[in-house]
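Only one chain is shown below, in structure tokens, and it's the form predicted on its own.
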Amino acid sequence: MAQALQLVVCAGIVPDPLQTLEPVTGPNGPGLKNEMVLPAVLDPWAACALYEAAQLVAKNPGSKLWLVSLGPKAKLQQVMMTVGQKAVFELIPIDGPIGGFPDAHSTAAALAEAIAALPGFDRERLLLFGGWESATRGAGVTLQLVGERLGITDQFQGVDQITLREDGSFEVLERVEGGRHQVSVCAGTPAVLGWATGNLAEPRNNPQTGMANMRGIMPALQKAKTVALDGNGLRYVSVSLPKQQRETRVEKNMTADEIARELVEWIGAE
């Protein structure tokens, strides 16, 4: 029997990884040079979580999918023009800084508050999705902190697959060392899943889906709540872009330990 679920995906927006990112120190602390003019995309790991959530909603009638995203409204609008064509969801925007420097605790607090205020929110039917890693705010604890604030202790990280069962339980495949998966069975919702890459390809753009989503996205952006995230006291003494350097040497008889030792010595000499 299909289960009516509430799926919430926490997904940040990040500068396009093909751009050159140069850290700078501004009046509000560390940031990226020309950050607001860099093209932005949905965080790649969180995008995988969104596609997996959309498939679950499609397979379980009565389910609902929300996308909760924290970032500047102008950037969110830009990104949603593309993302809105790939899956059906309701956007819950939070107007705030885009960079990866704000404290994970204040970020999690803003996200958890927005989730708890969702209309018809039922924690007992909730699957909270997000990225296992992140191209920004990659502290590795933000999604976990959101779950803790919502009182959810069943948490899985590095997820590649979730399989729902008839009795309401579900099976989760989590990545572990050695290219293997750990198989876990959870009795039921609520749960937090930090996704790796999953098993789904990126959906094709569907203009009809995009037009339907934009009817809700634009009003949501206009009403987005503004938050000011606390800094974490981070300070940079000096910043420089990585040097482009290539030195090629062919070695046929070096052991792995010798190669590692030489790499460490080379890095230490920089």
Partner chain sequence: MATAAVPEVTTMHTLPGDAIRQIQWRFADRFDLQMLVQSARTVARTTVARMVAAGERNTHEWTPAKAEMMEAFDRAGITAAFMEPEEGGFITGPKNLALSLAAFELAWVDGGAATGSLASFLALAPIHECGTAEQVKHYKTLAAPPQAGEDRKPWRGAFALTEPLPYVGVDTGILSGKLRIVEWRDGSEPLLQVDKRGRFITNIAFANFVTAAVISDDPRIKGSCVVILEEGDEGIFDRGTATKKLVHQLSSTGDPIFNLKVPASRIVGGYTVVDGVIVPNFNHGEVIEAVFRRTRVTVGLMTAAKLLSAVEPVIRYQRERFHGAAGVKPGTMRYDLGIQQREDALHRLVDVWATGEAAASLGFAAARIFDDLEPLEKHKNALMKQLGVSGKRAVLKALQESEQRAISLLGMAPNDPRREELAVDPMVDFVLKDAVADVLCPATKLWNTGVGANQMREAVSLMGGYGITEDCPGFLANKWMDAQLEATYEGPEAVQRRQLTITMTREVFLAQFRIWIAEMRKVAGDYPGTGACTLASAMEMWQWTLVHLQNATDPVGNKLYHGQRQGVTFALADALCWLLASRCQILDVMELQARGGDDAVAAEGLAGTVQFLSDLAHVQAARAAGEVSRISAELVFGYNLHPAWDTEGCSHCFTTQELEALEETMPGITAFAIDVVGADGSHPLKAGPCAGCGGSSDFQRMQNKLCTCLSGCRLAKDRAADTLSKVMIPEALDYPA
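Quantities reported herein were computed from a predicted structural model and do not represent experimental measurements. Numbering follows the first chain given and starts at 1.
Beyond what is shown, the protein has a form predicted together with the partner chain; the following relates to that form.
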Find out whether any non-hydrogen atom of R125 is located within 4.5 angstroms of the partner chain in the predicted bound form, and reply yes or no. no
Wondering, does N34 line up within 4.5 Å of the partner chain in the predicted bound form on heavy atoms? yes
So in the predicted bound form, does any heavy atom of A220 sit within 4.5 Å of the partner chain? no
Answer with yes or no whether T25 is in contact with the partner chain in the predicted bound form, where contact means some heavy atom within 4.5 Å. no
Residue by residue through 178-211, tell me which have a non-hydrogen atom within 4.5 angstroms of the partner chain in the predicted bound form. R204, N205, N206, P207, Q208, G210, M211
